[in-house]
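Encoded as structure tokens, the following chain is the form predicted alone, with no partner shown.
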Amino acid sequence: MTEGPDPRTPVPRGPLPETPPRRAPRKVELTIDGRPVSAPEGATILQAARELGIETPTLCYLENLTPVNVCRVCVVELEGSRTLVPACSRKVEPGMTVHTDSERVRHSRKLVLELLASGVDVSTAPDFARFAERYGAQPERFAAGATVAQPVKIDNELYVRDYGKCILCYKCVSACGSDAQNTFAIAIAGRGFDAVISTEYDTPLTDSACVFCGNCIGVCPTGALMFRGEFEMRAAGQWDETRQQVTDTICPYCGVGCTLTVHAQDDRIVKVTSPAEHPITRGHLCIKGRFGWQYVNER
């Protein structure tokens, strides 16, 4: 009987498998505002325009969320297209000719901003004010909508919901859903003028599926969702971003290594966010990372 190999003899190690090199994406040539640009295949018009330093206004778009095309502020003119197209989601195609600042585009953006501001309170939406000034928007041309008449919802210690400032951008729904948290605690309920952000069966937030991660706050562009501490400081006239220091640090709670952006005013932490471009968090945090810093203020 032939004896097998001695198990104590080390087996020669063969070559390790190597990952094949990733192919560079094919480049797409197009023209934006009369300037040629080469963008990776699969990029959007918005991303290609940013490569040229062209600022396209956005409200419902965020780099770490799937585009949903609801605010229509980013629309651009595409030669050969009957309608204006959303720059945040329209993929680049070879030979495209795009105009981001034509008279038709400016008129559309101005009207959208006016209609949005006529129905909601945009006083805590800094980007909105900048865009309105840029396009000469005059919301007073339209009668005020009923949305601003809603009372502020305060039903927990962490954050408040002021749907009188909500423009239904869908960012909070995306962050609560498959783009980040996968909790699906909120969604759009109703249709037309009755459309609102709501929990299931309009139950109180504390009785819903919400896990209070606060990722909805992190993506809200208008202040409709806000830290309760910030809300109370604003109501008391104490909130002053010019006096705040912003510092990046690492969350102390677990080993994931999430980056926290700490906002401090008068030597007290007033809120915590996370950078959207960070490869670990992509702007999202859990309840401990976003809200679990109060102990620092207790000296």
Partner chain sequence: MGGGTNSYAEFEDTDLIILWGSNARDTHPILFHHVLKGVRNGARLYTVDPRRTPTAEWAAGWLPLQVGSDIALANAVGREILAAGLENREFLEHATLGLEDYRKAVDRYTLQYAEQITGVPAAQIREFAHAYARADRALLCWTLGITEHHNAVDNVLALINLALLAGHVGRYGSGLNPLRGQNNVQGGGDMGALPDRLPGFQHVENGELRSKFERAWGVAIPPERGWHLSGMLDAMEHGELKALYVIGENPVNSEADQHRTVRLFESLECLVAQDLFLTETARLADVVFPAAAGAFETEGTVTNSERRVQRVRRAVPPPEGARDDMDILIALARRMGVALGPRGAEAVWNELRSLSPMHAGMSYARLESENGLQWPCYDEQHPGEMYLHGRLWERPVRGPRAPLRPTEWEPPVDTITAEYPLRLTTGRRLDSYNTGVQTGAFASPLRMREALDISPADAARLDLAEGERIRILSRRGAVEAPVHIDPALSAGLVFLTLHTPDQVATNMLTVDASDPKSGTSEFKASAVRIEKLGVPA
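Here the structure is a predicted model, which means the values were calculated and not measured. Residue numbers count along the first chain shown, from 1. In this text, rigid core is short for the largest set of C-alphas that superpose within 1.5 Å between two forms.
Although not depicted, the form predicted together with its partner chain is the subject of the following passage.
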{"query": "Selected contact from V262, V28, M233, I54, since only one has a non-hydrogen atom within 4.5 angstroms of its partner chain in the model of the complex", "finding": "V262"}
{"query": "Selected contact from C258, L62, L46, A39, since only one has a non-hydrogen atom within 4.5 angstroms of its partner chain in the model of the complex", "finding": "C258"}
{"query": "Partner proximity in the model of the complex: V211 to its partner chain, non-hydrogen atom cutoff 4.5 Å", "finding": "yes"}
{"query": "4.5 Å heavy atom contact, P252 and its partner chain in the model of the complex", "finding": "yes"}
{"query": "Heavy atom of I287 within 4.5 Å of its partner chain in the model of the complex", "finding": "yes"}
{"query": "4.5 Å heavy atom contact, A180 to its partner chain in the model of the complex", "finding": "yes"}
{"query": "Partner contacts in the model of the complex for 99 to 114 (non-hydrogen atom within 4.5 angstroms of its partner chain)", "finding": "none"}
{"query": "Residue shift check between this form and the one not shown, rigid core fit, P279 Cα at least 2 Å", "finding": "no"}
